[in-house]
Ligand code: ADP
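Heads up, the chain below is alone and in the form predicted on its own; it's given as structure tokens.
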């Protein structure tokens, strides 16, 4: 009997009507002879509303209490789905992360799954039950409730699939993975397949269809992941290892991220120990730095620009303020109004000139670039948001996206 792990996102469970429809779909899969684990997100904008309430109280809510608050959202949707399934005559049982033994480590609001106790799942499956799990949450070594960061329900689903050696199906409000977000470029093509590496670069660059950590886990444990529309009646996109059934164009997709900010540090002594101290202090606050650019030293001073999530900007600036008294030449500028464009494709490994072609496209359209970073299969550019539409149109047309 096959074990299937399904995940339904917030838009899929945003109303009682949708929960009932999902219950009917799950009931059909169960009756066909499958053992099923379902991971659910909070209903609709529940998590956003909970976070907003916390920030209405203070600009810096206590992270432990924020996790306790946010973890309640998934518990509502998991219990409602269980009620819906039981009403259809399908035995189901729901579990919060701590009840199921989803172990985590790391800081509050950004923890990582370390292990899952699957004994309850196997016992419930032997008794013919569908197991419903609250995504996005777990419990750490101090028995504290923690959350995995936004999109963490994807990570919960892939981790469960890896533990159970099951197939993983992610159901959401889109019918697959596109070369570009169709909301930004309606003529984007849907991909039948995409490699783990390409999907990881797309996700970490702002493509919001899946959480980057979930792709890391899928690749590590070789879990193929199907991403499809929550109605279950349209073929989706499969994330898997690269093979000869997959195309190898120079660029597979274009990711757009408008949720980052940029900080430029000025008057930094050209001393690696000083620079290391600054970035270590930021890292100590669990702030993830993305793109970094450093100027050539002039008068033994350098400028360094880097990007980070907008949500972490306040805490990063608080850290940087502590260096104003330590380095008399030090100052900084911060900007939230930026767009990061990332072109991604395994074909970059074998095809030269991709960076030059994109630079020429941007130049032809009078689009200035602030920072550029590259990897083997990705090139990222920081541009002005006002130029975003022009850039997407030009790149999509040139690379047939």
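Keep in mind the model is a prediction, meaning the values are calculated, not measured. Positions refer to the first chain, counted from 1.
Heads up, the form predicted together with this ligand isn't pictured, but that's what we're talking about next.
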Exercise. Are 261, 287 and 290 jointly within 4.5 Å of this ligand in the model of the complex, each by at least one heavy atom?
Worked result: no
For this session: Could you confirm whether residue 173 comes within 4.5 Å of this ligand in the model of the complex, counting heavy atoms only?
Result: yes
Exercise. Should residue 207 be counted as a contact of this ligand in the model of the complex, where contact means heavy atoms within 4.5 Å?
Worked result: yes
Exercise. Does residue 388 reach this ligand in the model of the complex if we count a contact as any heavy atom within 4.5 Å?
Worked result: no
Problem set entry | residue 297, heavy atom within 4.5 angstroms of this ligand in the model of the complex | no
Problem set entry | Candidate stretches 308 to 316, 159 to 167, 87 to 95, 208 to 216 - the one whose heavy atoms come within 4.5 Å of this ligand in the model of the complex | 208 to 216
Exercise. Only one of 196, 178, 330, 193 has a non-hydrogen atom within 4.5 angstroms of this ligand in the model of the complex; which is it?
Worked result: 178
For this session: Let me know the one among 133, 251, 121, 202 whose heavy atoms come within 4.5 Å of this ligand in the model of the complex, would you?
Result: 202
Problem set entry | Partner contacts for 7 to 29, taking this ligand in the model of the complex and a 4.5 Å heavy atom cut-off | 7, 9, 10, 11
